[in-house]
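Next come structure tokens for two forms of one protein chain, structure 1 first, structure 2 second.
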Structure 1
Amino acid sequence: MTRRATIGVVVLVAIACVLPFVVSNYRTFQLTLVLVYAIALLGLNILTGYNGQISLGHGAFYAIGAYSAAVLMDRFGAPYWATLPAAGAVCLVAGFLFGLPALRLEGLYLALATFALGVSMPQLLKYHHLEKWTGGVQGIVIAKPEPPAFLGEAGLRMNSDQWLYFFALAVAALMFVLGWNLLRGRVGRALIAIRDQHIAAEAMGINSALYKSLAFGVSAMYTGIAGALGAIAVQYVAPDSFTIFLSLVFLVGIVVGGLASISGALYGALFIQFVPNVADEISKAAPWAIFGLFLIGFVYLMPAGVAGAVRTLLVRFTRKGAK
């Protein structure tokens, strides 16, 4: 990390820590969701941005994560924080398993297969033999986590929205640090090499099959953890919250935020959380019309997304400063 980047991250974290004390509870809740989406987008970016495997069905892994958390809390009485690693593990396995057949599919066909997964997920969740756990069409309502007692004893007063926000912030920070560590080194280079020239990458001794299925697993794990966190924040899971459009929202997020970029996940998350809110006031159909136009616009004009634009601007700005 350069010194400038370190300063940037510190400032960002400081702002993130102050925000919930200045904005309303509802806004805090929205910011929590931004963090949740950011984790999911980072996961999708590992797979699609860095490794070049197109997934149009990541909403399915988000759903699996959300349901794992909800079932664990509702049926087995697990504490909310313990559901995150569990959801992550479940999705890691699910993603790895789905990634094995996906190894044989390239480009368009993988997109097709994952699209099919995304479309059929709500129906799978409604499956009546699973109703005992999943609650069928009704879904599951879960309790809102209260801030732990030791905070109050330490003199920090927080309501549950604020506590949830900080919990999500901690998880997101952890996931981003882990992701950054994973992607900046050997593994990240291998993933990019497979994306750009898979034959050359294999000739250099990269085990393409292993890396590709691992990328699928890790990506699903990130998205699953996001799903679990999202379920805790929203306090409700139901099959129809996880339609194919959720997967497409994630796609919008990484394209707008910036493919193969870690900070892009954050920009993308802000975009998919707040733009529909504004657009909803125009018409019910407006958010998706805008999403669609942004998708096409970004592919044509800004293929590197917001993250790429910020990078370009920074370079220009610093060069001028150096003169």
Structure 2
Amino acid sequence: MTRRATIGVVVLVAIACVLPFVVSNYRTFQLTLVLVYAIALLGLNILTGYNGQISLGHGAFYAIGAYSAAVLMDRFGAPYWATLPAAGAVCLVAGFLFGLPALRLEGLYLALATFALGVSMPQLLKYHHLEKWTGGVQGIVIAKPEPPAFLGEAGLRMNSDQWLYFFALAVAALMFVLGWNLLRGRVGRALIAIRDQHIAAEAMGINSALYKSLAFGVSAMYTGIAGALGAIAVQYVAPDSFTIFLSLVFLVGIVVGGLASISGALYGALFIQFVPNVADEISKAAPWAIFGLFLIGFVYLMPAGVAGAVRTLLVRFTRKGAK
């Protein structure tokens, strides 16, 4: 990482730490969801942007992570922070196992297989034999975590929304650092090689089947952790919260934010969290029509995503400064 990039990250983190103290609790809650979605979009970007596997069913892994956290907290009294690694582990296994049969599929056929997963998940969660665990159509209500006592003893006064924001910020920072290290190393180069030219990658000794399944597993793990964190923030899970529309929104997020871009996950999360609200304020009668216009505008004006547009602007400013 260059010195300029390091300074930019430090400034961004400093701003993120100040925000919950200058905005309302509702805005803090929205920013928490931005961090949640950013983790999920980073996971999907690992699969689609870096490895070239199209998924229209990642909302299913988000649901598995959310229900894993809810069941552990509601039925077993597990602390909220312990549910994140558990949800990640469950989704890692589920994603890896789903990726194995999906190895025979590519392109639109793989997209249809994941689409089927996303469509079927809400119905599976309503299945009457699982109601004891999932709560059926009524779902599960989760208690909001309170700030740790040591913060009050240290003189740091926070409400529950502010604490959840900082907890989500810490988790997101950890997941982004792990993702950056993974994608900038040998594994990331192998994923990109398989995406760009899988025959040449196999000729170079890359185990295409293993890396594709690994990409599916890691992607599902990220999305599952995001789902668990989202369930804790929203305090409620229900089958109808995880329809196929959620999977499509995730896909919109990585396209708008920027494919094969780590920072694009954050831009995409801001888009899917705030643009629908802006569209609703513009037109109560047809908010999704306004959302569609915003989406068309972003794709037309920034074909490489917001991250690509930001990179282009930075390069131009750097060149002007060097002259």
Partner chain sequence: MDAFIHQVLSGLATGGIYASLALALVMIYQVTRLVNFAQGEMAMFSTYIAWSLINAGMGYWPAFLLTVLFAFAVGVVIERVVIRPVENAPVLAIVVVFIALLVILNSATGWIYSYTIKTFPSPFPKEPLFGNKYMSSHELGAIGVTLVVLVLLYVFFRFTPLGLAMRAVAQNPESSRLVGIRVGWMLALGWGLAAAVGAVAGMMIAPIVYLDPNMMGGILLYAFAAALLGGIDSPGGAVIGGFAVGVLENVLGAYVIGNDLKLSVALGLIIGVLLVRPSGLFGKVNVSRV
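We call the rigid core whatever largest set of C-alpha positions still superposes within 1.5 Å between the two forms. Quantities reported herein were computed from a predicted structural model and do not represent experimental measurements. All residue numbers here refer to structure 1's sequence, counted from 1.
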Only one structure is the form predicted alone, namely structure 2
Note to self: Superposing on the rigid core, is the Cα displacement of Gly52 between structures 1 and 2 2 Å or more?
What the structure shows: no
| Against the rigid core, is the Cα displacement of Asn277 between structures 1 and 2 at least 2 Å? | no
Taking 2 Å as the cut-off, check whether the CA of Ile290 shifts that much or more between structures 1 and 2 after a rigid core fit. yes
